[in-house]
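First comes one chain, alone, set out as structure tokens in the form predicted on its own.
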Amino acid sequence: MALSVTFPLTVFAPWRSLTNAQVQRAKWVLVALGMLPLARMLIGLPLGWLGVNPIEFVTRSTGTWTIVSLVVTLSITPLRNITGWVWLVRLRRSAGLITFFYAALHFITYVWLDRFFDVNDIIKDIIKRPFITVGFAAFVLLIPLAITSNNALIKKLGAQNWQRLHNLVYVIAILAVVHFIWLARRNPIEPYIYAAIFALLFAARIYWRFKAK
């Protein structure tokens, strides 16, 4: 049974069917929006917009946009079910790759600008600091998801195996929230907001899964 819900309002009806060209344009809009935080950092660095500690700003910003992109990625299926916009699923891969992009920047910032590629120091940090441990675990789990986000590997793995692998995104979301909670100092409320959003998205997925049976 298809996981679809007929929304009681007709406001979404005109957008339920888009041509391939329109979906492609929607993908480019999503990517462009996803690159705005990076553009802000690149432009802001020489202009002094990143504050007195640019490394800390970049670390926090890339971490924040990783989790925001993850929220967008996990919101696509619930939005499809609510609106009936089946084409939204075709944006999920782009949203997921944007998530990985900012996670990679977050990791590179830590390894390069914070630890200067000191492998021993990085290993000690991962072992001794729990928030680093769970953050590193989340990034490692993201790697196979990013690698297999192409049609050739989907076909090679098979749809069911690919789906099982990509269900790791829910584990990644939990690890990302835990990482944020343990790290948060200035605004301890913010990570709990993301935790609530993820909980709602997980609940929606469970609801529709049981409804489909």
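Keep in mind it's a predicted model, so treat the numbers as computed, not measured. Just count from 1 along the sequence shown to find any residue number.
Keep in mind that the form predicted together with a small molecule is missing from the display, and what follows is about it.
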The small molecule in the predicted complex: within 4.5 Å of a heavy atom of each of Phe136, Leu142 and His179? yes
Is Arg80 close enough to touch the small molecule in the predicted complex, meaning at least one heavy atom pair within 4.5 Å? no
Is Gly34 close enough to the small molecule in the predicted complex to count, meaning some heavy atom within 4.5 Å? no
Any non-hydrogen atom of Ile132 within 4.5 angstroms of the small molecule in the predicted complex: yes
According to a 4.5 angstroms non-hydrogen atom cut-off, is Phe101 in contact with the small molecule in the predicted complex? no
Which of 162-170, 57-65, 43-51, 145-153 sits within 4.5 Å of the small molecule in the predicted complex, heavy atom basis: 57-65
